[in-house]
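Shown below, as structure tokens, is a lone chain in the form predicted on its own; questions about how it binds or moves come after it.
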């Protein structure tokens, strides 16, 4: 595929501009803030690089779209995709970052950090025995690159890790992989449930009361997409202690509104979508690697199946 005119936009555009030397490439680049992209810019481009489409996005003559993030729901979910346009996504250290994020909050809970911090603030010497990782069970929704990294890290510490995917195909580092809707047989037995799934028609509002009611005082960590969770049902599950703790990095509306009930709940931990930050260096490396492979007609490991949504 021959790409000549590349439009790079979004909040990393100016930073990427500082890293890429246009004189080293035969392509012509435009680095433009999202709000400043015009129809003429889109008509000019045959390559589009961003986290999401601009509000005035149209394909025109664009042949290739590259997502600067791991997720592509901003391009696909609820939108009609032009079938002859190639969509690729960024693959970098997301799996390592997310797995370490999840482990940090899980260990924090097992080691009773919040309990000891509370007692410390009141100058109370009151021992509580931390839990061991051994014999803990985790259920990870999504068995792709990120899910496998979580399973690899958790299982290396002695945690028994189960997976859930659309297909139920067995993957490395999982004791067993269930297809969606069959995992309910294990849900009541696991200590932590982690969502890494992309947002698709199948995963939209997947996590609601029907699933939460199977959980038995578990931790719920969401590093997938906020729209996969029915927020009112999660709040109910937190209040009735079906879920004892929710660690939430993604939300249906971001930034999370200041009047949202999540802020008020003691058993909710909120982070501002930072479990898998795209660094400029990694974004540029993956983008340029993909660009070179397009030229060489090499196999693209980051090509998105637009019919599946990931």
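Positions refer to the first chain, counted from 1. What you see is a predicted model, and the numbers here were worked out from it, not measured in a lab.
This protein has a second form, the form predicted in complex with another copy of the chain, left out of what is shown; the following refers to that one.
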* Interface residue in the model of the complex among 178, 75, 101, 207, criterion: non-hydrogen atom within 4.5 angstroms of another copy of the chain -> 101
* Structure fact -> Heavy atom within 4.5 Å of another copy of the chain in the model of the complex, from candidates 167, 126, 182, 232, belongs to 126
* Verify the contact flag for residue 84: yes if a non-hydrogen atom of it lies within 4.5 Å of a non-hydrogen atom of another copy of the chain in the model of the complex, no if not. => no
* Taking heavy atoms only, is residue 225 within 4.5 angstroms of another copy of the chain in the model of the complex? -> no
* To do: Decide whether residue 29 counts as a contact residue for another copy of the chain in the model of the complex under a heavy atom distance cut-off of 4.5 Å.
  => no
* Give a yes/no on whether residue 117 approaches another copy of the chain to within 4.5 Å in the model of the complex, heavy atoms considered. => yes
* Check, residue by residue, if 145, 288 and 295 all come within 4.5 Å of another copy of the chain in the model of the complex, counting heavy atoms only. => no
* Asked: Pick from 183-191, 208-216, 104-112, 67-75: which stretch has a heavy atom within 4.5 Å of another copy of the chain in the model of the complex?
  -> 104-112
* Does anything in 261-290 come within 4.5 Å of another copy of the chain in the model of the complex by heavy atoms, and if so which residues, in order? -> 263, 264, 266, 268, 269, 270, 271, 272, 273, 274, 277, 279
